[in-house]
Every structure is written in structure tokens, then in C-alpha cells.
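Next up: a single chain in C-alpha cells, the form predicted alone.
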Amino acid sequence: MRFDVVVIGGGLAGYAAAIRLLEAGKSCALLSMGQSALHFSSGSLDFLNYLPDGRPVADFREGLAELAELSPGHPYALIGIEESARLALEAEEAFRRWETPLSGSLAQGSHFRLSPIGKLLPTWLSSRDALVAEKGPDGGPHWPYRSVSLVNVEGFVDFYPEIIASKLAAYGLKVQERSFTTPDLEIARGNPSEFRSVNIARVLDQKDNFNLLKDFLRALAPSSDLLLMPACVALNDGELLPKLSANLGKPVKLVPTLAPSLLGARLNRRLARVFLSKGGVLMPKDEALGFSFAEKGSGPARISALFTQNHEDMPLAATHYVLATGGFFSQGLKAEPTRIREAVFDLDLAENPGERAQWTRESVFQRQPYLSFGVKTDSNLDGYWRGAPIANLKVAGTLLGGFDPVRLGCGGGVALVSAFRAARAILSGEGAA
């Protein structure tokens, strides 16, 4: 099977690059091993929350400039500060074009999202269904609400209403707690190991159960400025809550839960639907196992075929490849007894990890070196193999080296910026010659 581009990895970076390439008229196949990291995230996308020295970032563009000086190996610095900002704006426009509405923008700076335990955290883009707060003049949260009805599903253990209520009260909101159930939810509750957010949503999204929820919320609406629930409703329909809010005359918002994350899973599903609607070929539950190089001439090596678990006898051939398999969590990087390796091509790493004892620190509160491990690329995001760039391989997402997405709060931003940079390089013919 032959395509213009084969993308390896079905997460945020992989889908973003693939969709952009499809929009430009390229034929594209995408391999996805299974659930991406989005299924375990809040559904919000961070751009740059902190600098390497720990200072919070108030203005994204100013933060980028300081980041380039403090961490020249960061993907934003490698791609270029102005280019990274342009690509971030391009990503914002793409989400609007893909009818995947997210609140927030690079120009506005960060806003606050609510964590599963009620802590306010800065972020770049959030689902419009999530409860967020803009930053006030003092840098603290600005809420357009005074009173909140916090509604939990009875028996749902991945949500902590008492903790969240106390946090919201500390932020100046008056909170009343309520619980809700239906006969169908009581049946589902009989299996506690399966009573998780996504499974609850499959029950609540059914018409009869959703109508019961709507009636329950309608009774609370007169005494509340805001109706707040755990993210366990509206799994497939992004218009469900806006329509419900309009019907009740009060906003209905969601709080991310512990994994699995409905908001993250919904974003991943939406990207998959956009990819398919534009003619992409999705190869789910398939893993890249090996590859072959074209016969080498005087120029850089080029990948000629990719062998996968489901297509061992029918390799995937493409003009270009994009590798977006993620870091350790998504198995894009693997730790062996004496080395760290990239899982598909065994690409060169951005830095030498050293001995195994140097990969981690004893305390979980210390900076963990392994979080910044990743593959080596240049400004065109060409992957390197044995010291030389591969001419037709781009790398995107958290597989890139030189940054700690957790400590800096930049994982979503790097995924999107690098995905759009990889797509642009392919479309313009940039890269190893």
C-alpha cells in the first residue's frame, strides 16, 4: 500500500499533522496502537506554564523569548520562537476549522482550569464544556459566578465533591452539593471496576437518562449561577451541554475526573472523525515493527517501507513519514536495562541519558531526568539515525527531546506546534536533501 504520508501515532500530534496534510491534498494513513495519552489527560492543552527556573509564565510570547535563552534545546527554541508562535496561532485556527471549539488563545495568555481535586492550574486551550476562570487584574481567578450547584453521580469514586466544594468556597463561591442517579446508573454501579467516567457517560447520554438529569438540574437552576458536574456526560456529542445550558438558562460545566478522561477521549475521537472525514486511512490497533531503507546513494538515508503487526506481508510505502508515538507513557520510548531507545527506528537521542542510575532521582518531588529524554532532530524536525538525518522522516510531539512537558507545562503546545511544523516542512519540501 502506498501513500504520500504515513503517520505513526494516534495522539494529538499525530492527528494534527495528518489532518493538516490531508487538507493540503496529501494521501495519508495513520497507525494507532490504542488509546493515546489524551485519554488520560484533563482535555486542556498547555502551551508554556513555567520557565526552566520555575518562574510562572504570564505572557506566552515573553515566556517564549526567555525560554530560548534558558533552554536552547527546547523544541520551541529549535523550531524558532516566532515560528512557534505562528504555528500555535495556526493550530487555534485549525481547531475552529475542524469544528472542535476550544476556549483560550495565545493572545489572551493563560487561563485557569480546574483540576480533578479542585486546584486551579494555568493552561492555554480548554474544552468549552470545562469550568475555567480568566485571570483577573491581580493574577487570580475571575469568576462570573457567585453560587454553584455541584452535582455528583452517586457511587462515582473518581470524583471528590467535598474537596472541590471546599476549594471553590475558598475562591469565593457559594457551593451546594447534590447527588444524582437513575435506575440504569444503579444497575451499572453494580460493577464498581467499570463505574468510570466514560462508561457512566454511555448511560447518561441515553435519551431517557439524560432527560432525568435535565429535570434534576432544572430544579437546581433557580438557586444557582452555575451547574457543575464531573466530566461523565456528553461523550460523543459536543453540542449536548451547550444546548442543555440554553434550555436551563444556566451554564452547565464539567470538571475533569481521574483517568480515564472523558474530555480528553472526546477530543481524541473528534480528531479521528475529522481525519476520516477528510479521506484519511486509519489503521487502529496496529504497531510499527520494522522498516527498510532505500538503497543509499550519495544523499541521506530514506525510508522505503514500514512493516506493521497487521501488515507484515504488505508493507506501507510512502514519500514521507511522521513519527509521533509519544514518550515513555505511550511507549514511543522504551527503557532497557542499559539504555533508552526509540521504539520504531532506534533513532538517535537528543542527549546521552548516561548510566541507568542517572535516569531518575530518589525523591518523586525532584526533577526527573527521564522526563526530558527524547529523540534528536533539527529545526525541520528531521529524525537522526546513527548521526545523520533521515531525509523523509519527521518527528513530532512528546517524543522530541530537550524538554520536560510536566515541569514546564507545555506538552499540548509542543505536540501541536511540532505537528504543524512537520506538516509545513513536508509540504514545502524542507528537510535533509
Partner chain sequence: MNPLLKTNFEACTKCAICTEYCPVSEAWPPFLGPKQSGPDGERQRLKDASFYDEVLKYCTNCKRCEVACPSSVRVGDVIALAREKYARGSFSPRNAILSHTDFVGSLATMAAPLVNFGANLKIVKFFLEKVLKIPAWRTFPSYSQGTFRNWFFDKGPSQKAFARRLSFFHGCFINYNNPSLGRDAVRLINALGLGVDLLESERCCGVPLVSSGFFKDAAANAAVNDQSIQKALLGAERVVVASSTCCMTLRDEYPDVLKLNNENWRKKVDLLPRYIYRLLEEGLSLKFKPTPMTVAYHTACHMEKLGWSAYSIELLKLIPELKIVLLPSSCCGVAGTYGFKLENSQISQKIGAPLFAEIAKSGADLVVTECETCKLQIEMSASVPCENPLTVLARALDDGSGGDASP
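Model, not experiment: these values are computed from the prediction. Numbering follows the first chain given and starts at 1.
The following text describes the form predicted in complex with the partner chain, which does not appear among the structures shown.
- For the partner chain in the model of the complex, the listed stretch (76-84, 181-189, 161-169, 219-227) containing residues with heavy atoms inside 4.5 Å is 181-189.
- Although the partner is absent from the chain shown here, 39, 194 and 281 each have a heavy atom within 4.5 Å of the partner chain in the model of the complex.
- Just one of 339, 269, 243, 214 comes within 4.5 Å of the partner chain in the model of the complex, counting any heavy atom, and that one is 269.
- This chain is displayed alone, yet in the model of the complex one of 358, 331, 176, 247 has a heavy atom within 4.5 Å of the partner chain; that residue is 331.
- The closest heavy atom approach of residue 369 to the partner chain in the model of the complex falls outside 4.5 Å.
- The partner chain in the model of the complex is approached by residue 199, whose closest heavy atom lies within 4.5 angstroms of it.
- The partner chain is not shown here, and in the model of the complex it never comes within 4.5 Å of any heavy atom of residue 290.
- Remark: residue 56 does not count among the residues lining the partner chain in the model of the complex, judged by a heavy atom distance of 4.5 Å or less.
- Taking the partner chain as it sits in the model of the complex, the stretch 1-26 comes within 4.5 angstroms of it through a non-hydrogen atom at 1, 2, 3.
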